[in-house]
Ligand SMILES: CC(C)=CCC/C(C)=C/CC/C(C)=C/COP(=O)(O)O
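Next up: just one chain, as structure tokens, the form predicted alone.
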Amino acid sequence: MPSPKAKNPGRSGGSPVLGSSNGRYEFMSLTKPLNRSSPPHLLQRQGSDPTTARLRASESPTRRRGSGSSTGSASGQGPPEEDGIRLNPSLIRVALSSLLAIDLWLSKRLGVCACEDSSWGSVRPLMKLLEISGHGIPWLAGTVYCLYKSDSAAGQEVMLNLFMGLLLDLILVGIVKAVVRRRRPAHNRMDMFATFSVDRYSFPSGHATRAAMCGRFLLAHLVLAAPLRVLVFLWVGLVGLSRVMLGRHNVTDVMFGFWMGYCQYNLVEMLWLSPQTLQGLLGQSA
């Protein structure tokens, strides 16, 4: 005959979930959350237990968010994505820093004529002569003189547009230098010819921009023989090289100056004054 205890297992101490004599169901409530279908006396008993209350407080949304991040980092998932972005520098910044370091190192190595006691100090007078040949004042003065002495409309047109290009070069280089404000190399000696306020800045090289623009202008609008064209190319390259050898500029200053001067010539061609416009200007001035 079956025992009465077997007929009523819910009141027996052997029940793993509903037994009340050994507190088994309290342990189960700690390890497994009860659903809404649980009996009411279990929910009441769970809420009255202080250990269960602390466990439920620990399962609040705030604690769950904190524990989720700590669990993710402990399991090897690493920091959150935004923290990883903050901690890891961008690839572009690292590349620019590396290029800047290479630029400064190479510029210092090539500054062999920065002083008289440098390794190539004896070549310094020749480098300074190239510096004067690419200065803006000789070019402006020579262009004005040729414009005054020219007796043909075509020659005056060419000289007037060259004069406009030189003025445009001075304005654009001055603006870029004032905006960037990059200091000249530390090994440079400030003994340059006819400097202005913005000439204490290094980026870009005004000599390089002027040499590139004037070189293109001479090759495009003056009939030159092949040896003279080679000399123009050599002059442009030597002017840029002299800026680094004298310690006036870094390598990137000269390279950007060549590119800027190349683009300036395209701008001069876009703003080119035709003979009709030139005659109108000359008629108004007369």
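A residue's number is simply how far along the shown sequence it sits, counting from 1. Small disclaimer: the values here were computed from a predicted structure and weren't measured.
The next section is about a form of this same protein that is not shown, the form predicted in complex with the ligand.
Student: Just checking whether Thr195 would be counted as a contact of the ligand in the predicted complex - the rule being heavy atoms within 4.5 angstroms.
Tutor: Close contact exists here: in the predicted complex, Thr195 approaches the ligand to within 4.5 Å, heavy atoms only.
Student: Using a 4.5 angstroms cut-off on non-hydrogen atoms, would Glu157 count as touching the ligand in the predicted complex?
Tutor: No, no contact at 4.5 Å.
Student: Spell out, yes or no, whether the shortest heavy atom distance between Pro185 and the ligand in the predicted complex is within 4.5 Å.
Tutor: Taking the distances in the predicted complex, the answer for Pro185 is no, it never comes within 4.5 Å of the ligand.
Student: Just to confirm, Asp103 within 4.5 Å of the ligand in the predicted complex by heavy atoms?
Tutor: No, Asp103 is distant from the partner.
Student: With the partner removed from view, which of 226-234, 241-249, 255-263, 213-221 is the stretch that lies within 4.5 Å of the ligand in the predicted complex, judged by heavy atom distances?
Tutor: Stretch 241-249 is the one.
Student: Quick one: of Cys115, Leu110, Leu170, Leu147, which gets a non-hydrogen atom within 4.5 angstroms of the ligand in the predicted complex?
Tutor: Answer to the contact question: Leu170.
Student: In the predicted complex, which of the listed residues (Leu140, Val176, Met164, Val123) lies with a heavy atom within 4.5 Å of the ligand?
Tutor: Of the listed residues, the single hit is Leu140.
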